[in-house]
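Single chain ahead, by itself, as structure tokens, in the form predicted on its own.
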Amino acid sequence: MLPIRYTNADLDWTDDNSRVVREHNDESERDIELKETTVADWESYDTVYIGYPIWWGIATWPVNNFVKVNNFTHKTVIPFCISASSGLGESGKLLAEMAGTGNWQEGIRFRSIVGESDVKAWLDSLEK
């Protein structure tokens, strides 16, 4: 069975009957099946970047199953998020706890509309 994609209506956080609001209000509905959870040649990666939008101050819950099923041992993990107004908050810390392994870094929050130059500048700063 393939996962059920989110529609624009599903993502309308201002509609109390939308899918994301229902999932937010009932954590038991947040176990979102992903099309893929594995990464080819995963063992060869030393650094992993995990990006996600922020929903209600935390990482979008669809990313949870990816984090839960992969082994981050001996990997540096750098979270980043996109949000119009919320900061990174404890989203990276919560994902690190969920993963249970890996060297999770602080990460960064980008505004909703981020330019390529902003991302490149951030990546360049990590290499120093």
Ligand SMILES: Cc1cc2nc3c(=O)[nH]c(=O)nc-3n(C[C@H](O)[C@H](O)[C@H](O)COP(=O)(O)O)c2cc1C
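Please read these numbers as outputs of a predicted model, since none were measured by experiment. Residues carry their position along the shown sequence, with the first being 1.
Here the subject shifts to the form predicted in complex with this ligand, a form of this protein not shown in this document.
- Residue in contact with this ligand in the predicted bound form (any heavy atom within 4.5 Å), chosen from 86, 47, 73, 37: 86.
- When this ligand is considered in the predicted bound form, only one residue from 96, 54, 32, 78 comes within 4.5 Å through any heavy atom, namely 54.
- Residue contact check for residue 112: one or more of its heavy atoms lie within 4.5 Å of this ligand in the predicted bound form.
- A residue is said to contact a partner when one of its heavy atoms sits within 4.5 Å of a partner heavy atom; residue 82 meets this definition for this ligand in the predicted bound form.
- When contacts are judged by a 4.5 Å heavy atom cut-off, residue 108 does not count as touching this ligand in the predicted bound form.
- Among heavy atoms of residue 119, none comes within 4.5 Å of this ligand in the predicted bound form.
- Residues from 9-44 that approach this ligand in the predicted bound form with a non-hydrogen atom closer than or equal to 4.5 Å are 11, 13, 20, in the order they occur in the chain.
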